[in-house]
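Here you get one chain, nothing else, as C-alpha coordinates; it is the form predicted alone.
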Amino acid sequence: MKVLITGIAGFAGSHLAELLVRKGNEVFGTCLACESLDNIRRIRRSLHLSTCDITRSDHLFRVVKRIGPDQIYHLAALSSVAKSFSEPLDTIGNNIRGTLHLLETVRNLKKPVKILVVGSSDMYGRVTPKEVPITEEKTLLPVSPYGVSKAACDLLAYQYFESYRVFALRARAFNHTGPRQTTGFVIPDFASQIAQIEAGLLPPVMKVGDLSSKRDVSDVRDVMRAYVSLMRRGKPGQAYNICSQKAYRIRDVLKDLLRLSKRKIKVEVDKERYRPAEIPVLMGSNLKIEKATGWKPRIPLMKTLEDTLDFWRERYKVS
(Lines give C-alpha, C1' and ligand atoms only; values in the text may rest on other atoms or scores of the structure.)
Protein backbone atom coordinates (compact mmCIF):
# COMPACT_ATOMS: atom_id res chain seq x y z
CA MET A 1 0.00 0.00 0.00
CA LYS A 2 1.35 3.43 -0.99
CA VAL A 3 0.44 5.92 1.71
CA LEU A 4 1.02 9.69 1.63
CA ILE A 5 1.02 11.79 4.82
CA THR A 6 0.93 15.57 4.49
CA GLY A 7 2.72 17.14 7.43
CA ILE A 8 4.63 13.92 8.10
CA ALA A 9 7.34 15.59 10.19
CA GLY A 10 4.88 17.12 12.63
CA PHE A 11 3.77 15.84 16.01
CA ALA A 12 0.87 13.66 14.83
CA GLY A 13 2.37 12.94 11.41
CA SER A 14 5.49 11.37 12.89
CA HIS A 15 3.47 9.01 15.10
CA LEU A 16 1.26 8.06 12.16
CA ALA A 17 4.31 7.40 9.98
CA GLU A 18 5.77 5.07 12.62
CA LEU A 19 2.50 3.14 12.83
CA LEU A 20 2.14 2.79 9.07
CA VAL A 21 5.77 1.71 8.63
CA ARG A 22 5.29 -0.97 11.30
CA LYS A 23 2.27 -2.22 9.35
CA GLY A 24 4.43 -2.71 6.24
CA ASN A 25 3.19 0.19 4.11
CA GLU A 26 5.32 2.18 1.68
CA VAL A 27 5.14 5.59 3.35
CA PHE A 28 5.57 8.92 1.56
CA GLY A 29 5.37 12.33 3.16
CA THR A 30 5.37 16.04 2.43
CA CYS A 31 7.16 18.61 4.55
CA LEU A 32 8.26 22.21 4.18
CA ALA A 33 11.80 22.98 3.03
CA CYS A 34 12.60 24.74 6.31
CA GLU A 35 10.97 22.11 8.54
CA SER A 36 12.87 20.09 11.13
CA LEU A 37 12.90 16.32 10.53
CA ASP A 38 13.83 15.52 14.12
CA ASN A 39 10.49 13.84 14.87
CA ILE A 40 11.01 11.23 12.14
CA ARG A 41 14.76 10.71 12.50
CA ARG A 42 14.33 7.13 13.81
CA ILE A 43 12.44 6.01 10.70
CA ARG A 44 13.90 8.45 8.15
CA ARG A 45 15.39 5.67 6.01
CA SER A 46 12.01 3.97 5.73
CA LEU A 47 10.30 7.08 4.35
CA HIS A 48 10.09 8.80 0.95
CA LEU A 49 9.98 12.55 1.57
CA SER A 50 9.11 15.44 -0.72
CA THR A 51 9.42 19.12 0.11
CA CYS A 52 6.09 20.66 -0.78
CA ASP A 53 4.05 23.70 0.14
CA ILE A 54 0.52 22.35 -0.16
CA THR A 55 -0.89 25.85 -0.65
CA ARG A 56 0.82 25.83 -4.09
CA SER A 57 -1.56 23.80 -6.22
CA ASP A 58 0.80 23.20 -9.16
CA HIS A 59 3.60 21.92 -6.95
CA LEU A 60 1.23 19.75 -4.93
CA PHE A 61 -0.32 18.16 -8.02
CA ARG A 62 3.09 17.22 -9.44
CA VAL A 63 4.20 15.65 -6.16
CA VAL A 64 1.02 13.63 -5.64
CA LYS A 65 0.84 12.51 -9.28
CA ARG A 66 4.46 11.31 -9.13
CA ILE A 67 3.84 9.32 -5.94
CA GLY A 68 0.53 7.80 -7.07
CA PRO A 69 -0.71 7.03 -3.54
CA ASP A 70 -3.53 4.67 -2.65
CA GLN A 71 -4.29 6.58 0.54
CA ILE A 72 -3.67 10.15 1.74
CA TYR A 73 -3.74 11.27 5.37
CA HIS A 74 -4.07 15.05 5.36
CA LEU A 75 -2.48 16.31 8.57
CA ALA A 76 -0.60 19.40 7.37
CA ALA A 77 -2.05 22.53 8.99
CA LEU A 78 -1.38 25.51 11.20
CA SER A 79 -2.76 23.92 14.34
CA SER A 80 -2.43 26.35 17.24
CA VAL A 81 -5.75 27.67 18.54
CA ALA A 82 -4.00 30.36 20.58
CA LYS A 83 -1.84 31.55 17.68
CA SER A 84 -4.83 31.63 15.34
CA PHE A 85 -6.18 34.64 17.25
CA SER A 86 -3.03 36.66 16.53
CA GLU A 87 -2.55 35.21 13.02
CA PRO A 88 -6.08 34.62 11.70
CA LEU A 89 -5.37 35.26 8.02
CA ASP A 90 -2.42 32.87 7.93
CA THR A 91 -4.34 30.17 9.82
CA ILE A 92 -7.50 30.34 7.72
CA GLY A 93 -5.68 30.90 4.42
CA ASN A 94 -3.15 28.11 4.84
CA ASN A 95 -5.53 25.50 6.20
CA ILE A 96 -8.35 26.04 3.73
CA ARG A 97 -6.17 26.54 0.64
CA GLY A 98 -4.07 23.47 1.40
CA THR A 99 -7.12 21.26 1.89
CA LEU A 100 -8.87 22.60 -1.21
CA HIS A 101 -5.79 22.09 -3.40
CA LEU A 102 -5.37 18.53 -2.11
CA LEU A 103 -9.01 17.62 -2.74
CA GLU A 104 -8.77 19.11 -6.24
CA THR A 105 -5.62 17.10 -6.84
CA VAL A 106 -7.31 13.86 -5.77
CA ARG A 107 -10.34 14.65 -7.92
CA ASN A 108 -8.15 15.03 -10.99
CA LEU A 109 -6.05 11.91 -10.52
CA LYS A 110 -6.74 9.00 -12.84
CA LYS A 111 -6.84 6.43 -10.03
CA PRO A 112 -9.17 6.16 -7.02
CA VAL A 113 -7.57 7.45 -3.82
CA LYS A 114 -8.87 7.44 -0.28
CA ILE A 115 -8.24 10.69 1.62
CA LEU A 116 -8.67 11.30 5.35
CA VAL A 117 -9.16 14.99 6.15
CA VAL A 118 -8.28 15.64 9.78
CA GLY A 119 -10.49 18.12 11.58
CA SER A 120 -10.76 19.22 15.19
CA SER A 121 -13.24 19.36 18.06
CA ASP A 122 -12.60 23.12 18.06
CA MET A 123 -14.98 23.37 15.12
CA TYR A 124 -17.92 22.57 17.43
CA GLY A 125 -17.41 25.72 19.53
CA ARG A 126 -19.32 26.27 22.75
CA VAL A 127 -21.74 23.57 23.84
CA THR A 128 -24.62 23.42 26.27
CA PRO A 129 -24.73 20.75 29.02
CA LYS A 130 -27.46 18.96 27.04
CA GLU A 131 -25.08 18.61 24.05
CA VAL A 132 -22.43 16.71 26.04
CA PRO A 133 -21.11 14.27 24.99
CA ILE A 134 -20.89 15.92 21.58
CA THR A 135 -22.05 13.83 18.63
CA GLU A 136 -21.23 14.36 14.98
CA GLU A 137 -24.70 15.85 14.45
CA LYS A 138 -23.97 18.95 16.52
CA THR A 139 -24.04 22.21 14.57
CA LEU A 140 -20.56 23.61 13.90
CA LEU A 141 -20.22 26.97 15.71
CA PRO A 142 -16.47 27.60 16.05
CA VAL A 143 -15.25 30.51 18.20
CA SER A 144 -11.60 30.60 17.06
CA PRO A 145 -10.07 31.27 13.63
CA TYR A 146 -8.50 27.81 13.83
CA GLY A 147 -11.92 26.26 14.47
CA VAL A 148 -13.37 28.18 11.53
CA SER A 149 -10.61 26.91 9.25
CA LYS A 150 -11.12 23.31 10.33
CA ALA A 151 -14.89 23.54 9.94
CA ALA A 152 -14.38 24.77 6.37
CA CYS A 153 -11.96 21.93 5.61
CA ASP A 154 -14.40 19.37 7.01
CA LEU A 155 -17.22 20.76 4.87
CA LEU A 156 -15.00 20.83 1.79
CA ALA A 157 -14.31 17.11 2.25
CA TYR A 158 -18.07 16.51 2.44
CA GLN A 159 -18.69 18.67 -0.64
CA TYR A 160 -16.07 16.84 -2.72
CA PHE A 161 -17.65 13.52 -1.82
CA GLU A 162 -21.16 14.71 -2.66
CA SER A 163 -20.18 16.60 -5.84
CA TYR A 164 -17.39 14.46 -7.28
CA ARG A 165 -17.53 11.18 -5.32
CA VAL A 166 -14.03 11.70 -3.93
CA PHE A 167 -13.52 9.04 -1.25
CA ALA A 168 -13.10 11.60 1.53
CA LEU A 169 -13.32 10.67 5.22
CA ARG A 170 -13.77 13.34 7.90
CA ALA A 171 -11.95 12.76 11.20
CA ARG A 172 -12.90 15.13 14.02
CA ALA A 173 -10.09 14.65 16.50
CA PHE A 174 -10.56 15.98 20.02
CA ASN A 175 -7.54 17.06 22.10
CA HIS A 176 -4.68 14.61 21.83
CA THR A 177 -1.21 14.85 23.25
CA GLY A 178 1.96 12.89 23.92
CA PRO A 179 5.69 12.92 23.21
CA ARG A 180 6.87 15.39 20.53
CA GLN A 181 3.96 17.81 20.78
CA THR A 182 5.39 21.32 20.72
CA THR A 183 4.77 24.05 23.24
CA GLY A 184 1.80 26.27 22.51
CA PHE A 185 -0.53 23.48 23.66
CA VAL A 186 -1.54 23.11 27.28
CA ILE A 187 -0.01 19.76 28.31
CA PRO A 188 3.39 20.22 26.63
CA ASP A 189 3.43 23.78 28.01
CA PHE A 190 3.03 22.36 31.52
CA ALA A 191 5.45 19.48 30.96
CA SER A 192 8.17 21.61 29.40
CA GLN A 193 8.05 24.08 32.29
CA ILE A 194 8.29 21.26 34.84
CA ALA A 195 11.26 19.73 33.00
CA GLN A 196 13.06 23.09 32.87
CA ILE A 197 12.42 23.67 36.57
CA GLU A 198 13.77 20.20 37.39
CA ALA A 199 16.86 20.96 35.27
CA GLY A 200 17.43 24.24 37.13
CA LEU A 201 16.73 26.32 34.02
CA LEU A 202 13.69 28.06 35.51
CA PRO A 203 12.70 29.08 39.03
CA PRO A 204 10.17 26.70 40.70
CA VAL A 205 7.17 28.77 39.60
CA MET A 206 4.81 27.75 36.78
CA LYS A 207 2.97 30.35 34.72
CA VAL A 208 -0.46 29.10 33.64
CA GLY A 209 -3.59 30.42 31.95
CA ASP A 210 -7.24 29.48 32.54
CA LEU A 211 -7.41 26.14 34.38
CA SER A 212 -11.19 25.88 34.66
CA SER A 213 -12.01 24.39 31.25
CA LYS A 214 -12.61 20.68 30.74
CA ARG A 215 -11.20 18.79 27.79
CA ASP A 216 -11.54 15.35 26.25
CA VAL A 217 -7.90 14.22 26.04
CA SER A 218 -6.52 11.16 24.22
CA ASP A 219 -3.04 9.84 23.57
CA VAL A 220 -1.72 10.70 20.10
CA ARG A 221 -0.83 7.04 19.53
CA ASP A 222 -4.45 6.01 20.11
CA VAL A 223 -5.66 8.73 17.75
CA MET A 224 -3.31 7.55 15.00
CA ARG A 225 -4.75 4.04 15.36
CA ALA A 226 -8.17 5.60 14.90
CA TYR A 227 -7.08 7.27 11.65
CA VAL A 228 -5.85 3.95 10.27
CA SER A 229 -9.04 2.20 11.39
CA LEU A 230 -11.14 4.83 9.62
CA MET A 231 -9.12 4.47 6.44
CA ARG A 232 -9.89 0.74 6.48
CA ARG A 233 -13.54 0.75 7.55
CA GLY A 234 -14.93 4.30 7.49
CA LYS A 235 -17.60 5.37 5.01
CA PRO A 236 -16.76 8.19 2.57
CA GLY A 237 -18.42 11.52 3.26
CA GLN A 238 -19.04 10.63 6.89
CA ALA A 239 -17.67 12.52 9.90
CA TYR A 240 -16.27 10.64 12.90
CA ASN A 241 -15.35 11.97 16.34
CA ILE A 242 -12.10 10.61 17.73
CA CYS A 243 -12.10 11.04 21.48
CA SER A 244 -11.90 9.33 24.85
CA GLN A 245 -15.46 10.26 25.90
CA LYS A 246 -13.99 11.54 29.18
CA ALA A 247 -13.61 15.19 30.20
CA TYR A 248 -10.64 16.21 32.35
CA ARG A 249 -10.48 19.57 34.09
CA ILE A 250 -7.21 21.25 33.10
CA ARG A 251 -6.54 22.07 36.76
CA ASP A 252 -6.61 18.33 37.57
CA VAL A 253 -4.32 17.48 34.64
CA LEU A 254 -1.82 20.00 35.99
CA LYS A 255 -2.05 18.44 39.46
CA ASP A 256 -1.31 15.01 37.97
CA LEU A 257 1.76 16.37 36.20
CA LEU A 258 2.97 18.12 39.35
CA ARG A 259 2.66 14.83 41.25
CA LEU A 260 5.09 13.34 38.73
CA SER A 261 7.60 16.14 39.28
CA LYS A 262 10.83 15.77 41.26
CA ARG A 263 10.52 19.35 42.56
CA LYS A 264 8.00 21.29 44.59
CA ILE A 265 6.54 23.86 42.21
CA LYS A 266 4.36 26.90 42.83
CA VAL A 267 1.61 27.73 40.32
CA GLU A 268 0.84 31.30 39.28
CA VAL A 269 -2.01 32.35 36.98
CA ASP A 270 -0.92 34.65 34.15
CA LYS A 271 -3.88 36.56 32.65
CA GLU A 272 -1.82 37.20 29.50
CA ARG A 273 -2.20 33.50 28.71
CA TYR A 274 -6.00 33.69 28.55
CA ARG A 275 -7.62 33.41 25.11
CA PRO A 276 -10.13 35.95 23.75
CA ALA A 277 -12.76 33.17 23.59
CA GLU A 278 -12.58 29.99 25.66
CA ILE A 279 -14.77 26.90 25.39
CA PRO A 280 -15.71 25.71 28.91
CA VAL A 281 -16.11 22.02 28.08
CA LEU A 282 -15.37 19.75 25.13
CA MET A 283 -16.20 16.09 25.47
CA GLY A 284 -17.13 13.92 22.55
CA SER A 285 -19.06 10.76 21.90
CA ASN A 286 -16.97 8.03 20.23
CA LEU A 287 -19.89 5.66 19.65
CA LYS A 288 -19.95 6.21 15.88
CA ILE A 289 -16.31 5.34 15.26
CA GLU A 290 -16.49 2.39 17.65
CA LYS A 291 -19.50 1.01 15.80
CA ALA A 292 -17.88 1.56 12.40
CA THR A 293 -14.38 0.27 13.15
CA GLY A 294 -14.24 -1.23 16.64
CA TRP A 295 -11.73 1.42 17.73
CA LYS A 296 -11.44 2.36 21.40
CA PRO A 297 -8.72 4.33 23.19
CA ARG A 298 -6.29 2.11 25.12
CA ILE A 299 -3.68 4.34 26.74
CA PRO A 300 -4.59 5.85 30.15
CA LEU A 301 -4.04 9.56 30.69
CA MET A 302 -1.38 9.06 33.40
CA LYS A 303 0.73 7.02 30.95
CA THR A 304 0.40 9.80 28.39
CA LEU A 305 1.44 12.42 30.95
CA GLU A 306 4.43 10.36 32.10
CA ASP A 307 5.65 9.84 28.53
CA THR A 308 5.17 13.51 27.69
CA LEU A 309 7.06 14.69 30.76
CA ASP A 310 9.87 12.21 30.07
CA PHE A 311 10.13 13.55 26.52
CA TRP A 312 10.69 17.07 27.85
CA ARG A 313 13.07 15.82 30.52
CA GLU A 314 15.17 14.26 27.78
CA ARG A 315 15.02 17.53 25.86
CA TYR A 316 16.49 19.37 28.84
CA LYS A 317 18.76 16.44 29.74
CA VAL A 318 17.27 15.63 33.14
CA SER A 319 18.50 12.29 34.46
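Counting begins at 1, following the sequence as shown. Not measured: the values here are computed from a predicted model.
Beyond what is shown, the protein has a form predicted in complex with a small molecule; the following relates to that form.
Partner contact region in the predicted bound form: 213-221, out of 135-143, 106-114, 213-221, 233-241, criterion any non-hydrogen atom within 4.5 Å of the small molecule. At the 4.5 Å threshold, heavy atoms of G209 reach the small molecule in the predicted bound form.
Not displayed here, the small molecule is approached by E278 to within 4.5 Å at the level of heavy atoms in the predicted bound form. At the 4.5 Å threshold, heavy atoms of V81 reach the small molecule in the predicted bound form.
Contact check for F185: a heavy atom falls within 4.5 Å of the small molecule in the predicted bound form. Exactly one listed residue, out of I250, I67, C52, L257, brings a non-hydrogen atom to within 4.5 Å of the small molecule in the predicted bound form: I250. Of the candidates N175, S229, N94, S192, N175 is the one whose heavy atoms come within 4.5 Å of the small molecule in the predicted bound form; the others do not.
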